[in-house]
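Okay, so here's just one chain, in C-alpha cells, the form predicted on its own.
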Amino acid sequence: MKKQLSKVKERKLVKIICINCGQGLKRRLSSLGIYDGTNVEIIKNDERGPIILKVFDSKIALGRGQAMKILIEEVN
C-alpha cells in the first residue's frame, strides 16, 4: 500500500515507489541517493520538523514538504 514518506513511523524500512515533484528537486534527491527503488530507514519522524532518513550509510534530513511528495511502501 502506497503512502507518503511523511506519514511513516520511526524505525521503519521503506522502499521509495514514486517521487511527485519537479525536475530540480528530483535531481537534488537523486544526488542524495533518494530515487525510485531505493530502500531507506526512517530514523526520526516527529510531528514537526525535518524527517531524518538513513540512505545507504548516510543520514539525511528532509523537510516535511519534500517528504510529502515521496510515495513509499513498507518493507517487511
Partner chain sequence: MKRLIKITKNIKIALAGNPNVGKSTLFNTITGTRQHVGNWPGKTVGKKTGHLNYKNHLIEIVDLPGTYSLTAFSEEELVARNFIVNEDPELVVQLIDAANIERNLYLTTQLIELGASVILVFNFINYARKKGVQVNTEKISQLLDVPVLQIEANKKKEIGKLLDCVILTHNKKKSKNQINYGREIEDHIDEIEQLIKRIHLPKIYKKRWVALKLLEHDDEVMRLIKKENNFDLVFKKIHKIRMHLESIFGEDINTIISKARYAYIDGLTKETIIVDNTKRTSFSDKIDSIVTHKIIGIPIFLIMMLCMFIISFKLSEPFMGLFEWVFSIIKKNAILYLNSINAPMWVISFSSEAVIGGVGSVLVFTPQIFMLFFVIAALEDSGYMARVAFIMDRFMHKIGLHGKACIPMILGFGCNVPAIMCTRSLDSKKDRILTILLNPFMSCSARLPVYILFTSAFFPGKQGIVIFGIYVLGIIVAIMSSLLFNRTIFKGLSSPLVMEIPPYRVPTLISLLIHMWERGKSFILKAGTTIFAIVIIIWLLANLPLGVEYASKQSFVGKAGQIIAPLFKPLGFGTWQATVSLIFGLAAKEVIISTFGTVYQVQEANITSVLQNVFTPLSAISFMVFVLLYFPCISTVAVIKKETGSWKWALFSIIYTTVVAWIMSFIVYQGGLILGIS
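Residue numbers count along the first chain shown, from 1. As the structure is a computational prediction, the values presented were derived from the model and not from experiment.
Another form, the form predicted together with the partner chain, is not on view; read the next lines as being about it.
Wondering, does Lys54 line up within 4.5 Å of the partner chain in the predicted bound form on heavy atoms?
Yes, Lys54 lies within 4.5 Å of the partner chain in the predicted bound form.
In the predicted bound form, does Asn39 come within 4.5 Å of the partner chain, counting heavy atoms only?
Because no heavy atom of Asn39 falls inside 4.5 Å of the partner chain in the predicted bound form, the answer is no.
So in the predicted bound form, does any heavy atom of Lys59 sit within 4.5 Å of the partner chain?
Output for Lys59 is yes: heavy atoms within 4.5 Å of the partner chain.
Taking heavy atoms only, is Asn20 within 4.5 angstroms of the partner chain in the predicted bound form?
No.
Check each residue of 1 to 27 against the partner chain in the predicted bound form and list those with a heavy atom within 4.5 Å, in sequence order.
Residues within 4.5 Å: Gln23, Gly24, Leu25, Lys26, Arg27.
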